[in-house]
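Okay, here we've got a single chain as structure tokens, the form predicted on its own, with questions on binding and movement later.
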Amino acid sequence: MTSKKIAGSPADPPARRALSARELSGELQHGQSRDLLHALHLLTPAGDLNADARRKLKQINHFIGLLRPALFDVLDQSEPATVVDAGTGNGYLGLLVYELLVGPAAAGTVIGLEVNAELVAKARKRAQRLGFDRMEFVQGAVAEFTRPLTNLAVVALHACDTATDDAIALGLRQQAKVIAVVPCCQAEVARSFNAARSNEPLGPLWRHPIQRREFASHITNVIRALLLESHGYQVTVTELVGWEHSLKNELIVGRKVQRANAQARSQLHALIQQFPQLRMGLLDAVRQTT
């Protein structure tokens, strides 16, 4: 008889194992409170961190750790900084950015943008309860946020489908000093390739559904990076965390270093011309900002 493995048991890979309250300290960043993790329901009432919550926390903490140098450049300016968390959802990223970076800097503001009114109401209550008085949550679509901001960083973690593109477009419109995104899905682009003929010369690249999803994801992120470069951002594209934690794992970080980059702009338009079947909201951002 084969024994059934219990989730979270020592037989699980270390990265997938749940942690008890006594083991938790090694998972936390300096200054990270258990109170906030309880408020976000990442910790159980007993203070334990289950395996799913551990993966989620690891992704957010690693995202913040990789962003720390770029965000400190914004926070260290004489002008007050604003960090916009686009498509904030439950507010995990924005709240943790406030606790770990903006709060200790004693200056600056975090704004969470979210279309779901119920999630916004809950996030506002959490921020108020935790005393995060320089944090606000705005209900509405990222694409519709037009408040003028300066000394800005725009971040988005797993904002679904076109919401990542809306975050990038927001950063470009506002000339953000930092734009950092971990895209989620690229269903819009996959649909455009699904409608394209698979018997054209490059058709085998997207003939099969699984390859179509992967190809759509790849070409979308290439366009995103080139778009940022064309607007004068120094771009790095890297893995966020180990693939055992998330398959949506590509981190794109842009830091504004110059007004524009003509070579990147030329490459961007050449790529778009190479794939005329592309139909995506991001291309509207390309047209509006070039």
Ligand SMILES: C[S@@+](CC[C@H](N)C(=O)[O-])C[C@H]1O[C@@H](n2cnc3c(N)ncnc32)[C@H](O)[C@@H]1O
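All residue numbers refer to positions in the sequence shown, first residue = 1. Quick caveat: nothing in here was measured; it's all calculated off a predicted structure.
Keep in mind the form predicted together with this ligand is missing from the figure; the text below concerns it.
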Practice prompt. Using a 4.5 Å heavy atom cut-off, indicate which stretch of 70 to 78, 98 to 106, 151 to 159, 216 to 224 touches this ligand in the model of the complex.
Written response: 151 to 159
Worksheet item: Which residue among 172, 84, 163, 180 has a heavy atom within 4.5 angstroms of this ligand in the model of the complex?
Response: 163
Worksheet entry | Single option in 111, 205, 119, 190 placed near this ligand in the model of the complex, where near means a heavy atom within 4.5 Å | 119
Fill in: residue 115, heavy atom within 4.5 angstroms of this ligand in the model of the complex
yes
Worksheet item: residue 142: heavy atom within 4.5 Å of this ligand in the model of the complex?
Response: yes
Practice prompt. Please run the contact check for residue 88 against this ligand in the model of the complex: heavy atoms, 4.5 angstroms, yes or no?
Written response: yes
Item to complete: Could you confirm whether residue 56 comes within 4.5 Å of this ligand in the model of the complex, counting heavy atoms only?
Response: yes
